[in-house]
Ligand code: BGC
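Read the single chain below, which is given as structure tokens and is the form predicted alone.
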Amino acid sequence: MKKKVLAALLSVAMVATLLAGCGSKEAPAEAPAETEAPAETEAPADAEEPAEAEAPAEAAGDFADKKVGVCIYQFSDNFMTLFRTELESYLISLGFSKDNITIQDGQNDQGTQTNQIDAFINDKVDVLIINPVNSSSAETITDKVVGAGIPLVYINREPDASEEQRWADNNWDVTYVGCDARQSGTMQGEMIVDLGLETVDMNGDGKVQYIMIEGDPENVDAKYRTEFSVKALTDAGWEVEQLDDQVGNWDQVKAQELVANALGQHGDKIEVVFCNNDAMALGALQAIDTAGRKVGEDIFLVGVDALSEALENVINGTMTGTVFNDHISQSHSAADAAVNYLTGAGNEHYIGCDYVKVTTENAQEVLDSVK
């Protein structure tokens, strides 16, 4: 399938930020000290292109009778829709029966999701894959699932380091699959820095005025993307001024409202709009258009996820850039981790993936690969 060979489609020009695939690490990565992406995310110029992700060798077995429970924090999230669709498809390709794969919508309510987890435990599922509504609930979720003797794979929303350390200390069958959000935030900031201060500093006052539209304040990805996008600017020696910082809860409509209000209040003073995901960036773009501003001419806009619509906007110049959050690699790695638990092969407690910086130079290639 074309969408399964993203890495092979990315050109040599992308190699500095080329996806290296998913791999384990002993602990969450330290914050990047420079504006460069963390060193481990870069591939040498002569490196071979990563091969298509393969299923574990043990996956040749028959898993048709194995029950898989999947909890998604909210079905209406654009990125998690891509993720869960690919996850189900890949599980089926590994030999799981579609009838034994149950995916639940947490409706962005931890109480609802907790009830779903309890139901999965009562149904004696063989493995659970959970995208928690609140990362702070991971300890409670882990205790429930481990207590029931069910292997657990967390996805997309990373529990904190102390929780991950508990898994290692107790040698539990629990792992996290996802990318380090600090990297995505750093890449957002780097895309702005790469434009040059003279370009971004529209009013010539020697500093960059920005607004920040955050996701869920409970979510570690939102916190890191917020922090490290701006850190990339200050690490480059730029002076910055935050004009507004609002919580959009990953929602396009909410972000449109927040950015419209900020533009009404601060007007042409806003030079950069940072959004923690592409859904909110799309809402921000609507507000920017309504206000008569032009991305790339008098304001800059970046997001994260590389949704198809956002990629088209980058190609057309109506978004400055985005960061590819590889739902294909992550969903396959989550399914592979589930297989490893079922076969007794086990997993590291952290299975990490890299983001890819997306600008006009490579947006078409990324779009072609995910269609």
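Note that the structure is predicted; figures quoted are calculated from it, not measured. Note that residue numbering follows the sequence shown and begins at 1.
One more form of this protein, predicted together with the named molecule, exists but is not displayed; see below.
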Indicate whether the named molecule has at least one heavy atom within 4.5 Å of a heavy atom of E271 in the predicted complex. no
Taking 4.5 angstroms as the cut-off for heavy atoms, does Y73 touch the named molecule in the predicted complex? yes
Since only the chain is shown here, I'm wondering whether N325 would be in contact with the named molecule in the predicted complex (any heavy atom pair within 4.5 Å). yes
Although the partner isn't part of this model, could you tell me whether Q252 comes within 4.5 Å of the named molecule in the predicted complex, counting any heavy atom of the residue? no
Of the residues Q256, N156, T142, Q113, which one places a heavy atom within 4.5 Å of the named molecule in the predicted complex? N156
Only one of E164, E86, D77, E214 has a non-hydrogen atom within 4.5 angstroms of the named molecule in the predicted complex; which is it? D77
Since the partner isn't included here, can you check whether the named molecule sits close to all of R225, N277 and D305 in the predicted complex (heavy atom within 4.5 Å for each)? yes
Given a 4.5 Å cut-off on heavy atoms, tell me which of 238 to 246, 78 to 86, 92 to 100, 196 to 204 is the interface stretch with the named molecule in the predicted complex. 78 to 86
Check each residue of 211 to 230 against the named molecule in the predicted complex and list those with a heavy atom within 4.5 Å, in sequence order. N219, D221, R225
